[in-house]
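Shown next as structure tokens: one chain only, the form predicted on its own.
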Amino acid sequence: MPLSTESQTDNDQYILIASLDNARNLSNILKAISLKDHAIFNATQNGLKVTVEDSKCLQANAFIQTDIFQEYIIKEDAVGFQVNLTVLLDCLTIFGGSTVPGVCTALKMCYNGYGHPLTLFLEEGGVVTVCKINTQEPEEPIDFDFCSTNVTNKVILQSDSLKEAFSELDMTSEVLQITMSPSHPYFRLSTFGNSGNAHYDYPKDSDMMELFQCTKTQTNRYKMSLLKPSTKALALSCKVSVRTDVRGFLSLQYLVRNDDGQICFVEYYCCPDEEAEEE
């Protein structure tokens, strides 16, 4: 990879360096959380966590582990900054985001600390482009306090079955109602749109259901406008974990395989819109 020929002296000035042979492995997963312009980057020894939030009701996180990168150097325990995600995605796809086999855009992403830009070196076909994106001090992400010990219900589904459900439900509905129960209907998605009420049920022994752990009956509603961006992650994923906690907060965790078959995770947290009274 030509970008790796940069001198060691250049590397020494940065506190964070992350390189990929295929920039699509980063751009695709960032597109899956691109619900607002600004993204908070938090780099640690384990990799990158990128967070985007919407109106304190929705949080999307992308986790990119260190082994996804061909080179990953971090010189502090944690490095944080905020960038304009739209600008970053435009830069990552500056060569057009080619899907031609064997043609990849190589990426080297460098950051030199507070007040410095995020520098991208992008190379394709021997042409190198350098992009510098202004950074800001990162805001503190909302703590949704979604803790596994408070999870009451959890199912893991093949993503294809959830894609099918979303294609059949009425997306004019203002809310998506999720019912999870140890007894019938087990796992039900409901909408209330212009064409009437629609329900989509999953039997707990369905081939599409990889795990079913429900301890109590819960029915919660979530704003469809908040959940729609998560369909970007759904489209990329092969499995999805759906969890609710005692407060009715929703966690959607998507398992995404990149172009090289490596696994990354995208997680959405969403507040319930209103408490649905148990009938």
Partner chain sequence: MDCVATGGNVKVLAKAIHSLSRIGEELYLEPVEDGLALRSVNSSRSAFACFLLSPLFFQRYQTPSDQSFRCKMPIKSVQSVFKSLSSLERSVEKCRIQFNNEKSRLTITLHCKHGLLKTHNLSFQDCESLQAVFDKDSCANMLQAQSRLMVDTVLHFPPSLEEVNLSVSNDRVWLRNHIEDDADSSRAMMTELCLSSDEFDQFAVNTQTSITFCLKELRGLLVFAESSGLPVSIYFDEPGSPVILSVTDSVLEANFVLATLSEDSHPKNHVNANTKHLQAEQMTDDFMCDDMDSVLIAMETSELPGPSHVPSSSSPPHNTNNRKHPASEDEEEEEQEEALIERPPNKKFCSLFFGSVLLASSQLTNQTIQNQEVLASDSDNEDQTES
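Residue numbers count along the first chain shown, from 1. Predicted model, so just to flag it, every value in this text is computed and none were measured.
This protein has a second form, the form predicted together with the partner chain, left out of what is shown; the following refers to that one.
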message = Suppose contact means a heavy atom within 4.5 Å; in the predicted complex, does that hold for all of 196, 200 and 206 with the partner chain?
response = yes
inquiry  = For the interface check, one of 86-94, 160-168, 137-145, 104-112 should have non-hydrogen atoms within 4.5 Å of the partner chain in the predicted complex; which one?
reply    = 160-168
